[in-house]
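Here's a solo chain for you in structure tokens, the form predicted alone.
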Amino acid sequence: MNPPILHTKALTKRYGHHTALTDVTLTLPTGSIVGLVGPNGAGKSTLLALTSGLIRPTSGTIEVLGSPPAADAAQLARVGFVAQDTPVYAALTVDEHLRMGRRLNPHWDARLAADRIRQIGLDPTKKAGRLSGGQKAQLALTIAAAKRPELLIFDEPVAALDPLARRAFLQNLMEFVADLDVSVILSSHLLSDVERVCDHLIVLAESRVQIAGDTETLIAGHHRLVGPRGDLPDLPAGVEVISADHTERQTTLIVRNTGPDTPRALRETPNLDLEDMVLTYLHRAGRITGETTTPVEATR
């Protein structure tokens, strides 16, 4: 059995007196496309930097593909990372980027890189500094994928792209996933992107994981109950109230069913969609800490 792409236990990262990540315990199965969502400052970039081996935890443990992150050259070659600013070098041409990738990566797939550059229409002689934002993102994706990694990590790769370029990037990402049989962790504040491509979800807020799991299973387990104030049915064991809103006449509950079956009280109620579920947890996190949580975007 393949080890999980990420396994953490009580993972914590502090910068001086600021805690960026608190007691994160996760197991992400091989083959997943994981969406990591949360507001700015939630800890997403810190978690990805820990996963990539760019920084070390303050406490707790982390394993990536069964080994410590960036433990050696062989482990580094198993992971491809594209940072938020789509790191390409302005003074280098597209072809020079590919030649550098070939020198630095032992499993470099030159044919894949060349084919992809040709398919997306990039001029090999053009310097990266003269590429559009979408073209830079596509070049960074090509370099990361041509490493032939087992895990691709993206930190807000499409945040600065227009909708057309963002859609093209995600389409190419899905093609790479299908062709290379690679696992993916994708950080984004755009719920529509996560909903389009991800089968696993992590919601981060206030430095903590609020919920994580298979996306379809999570959505199927969340319901909205609406009724006259004080007249909602008693909830059975295994049903957790995530939020409760009251008006003079009406009570609205968002609940999560963690049991193996759907109780009768929930069978006729609609499931939450992804946007409502995520925003419920972000608002709850803000209420618990007393902070105002900036919501993620739900751009369609």
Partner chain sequence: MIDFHLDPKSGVAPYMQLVQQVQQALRLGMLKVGDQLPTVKHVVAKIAINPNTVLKAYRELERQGLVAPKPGRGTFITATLADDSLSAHQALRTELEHWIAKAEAAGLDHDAIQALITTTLRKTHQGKP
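Residue numbers count along the first chain shown, from 1. Note that this is a predicted model, so its numbers are computed, not measured.
As for the form predicted together with its partner chain, it is not shown, yet the points below apply to it.
The partner is not drawn, yet in the predicted bound form one stretch among 247-255, 59-67, 36-44, 266-274 has residues with heavy atoms inside 4.5 Å of its partner chain: 266-274.
Contact annotation: of the candidates L122, A113, L141, C198, the single residue with a non-hydrogen atom within 4.5 angstroms of its partner chain in the predicted bound form is C198.
Residue in contact with its partner chain in the predicted bound form (any heavy atom within 4.5 Å), chosen from V177, A165, A212, L225: V177. No residue in the set T22, E240 and G286 has a non-hydrogen atom no more than 4.5 Å from its partner chain in the predicted bound form. Contact check for L161: no non-hydrogen atom falls within 4.5 Å of its partner chain in the predicted bound form.
In the predicted bound form, its partner chain sits within 4.5 Å of a heavy atom belonging to Q171.
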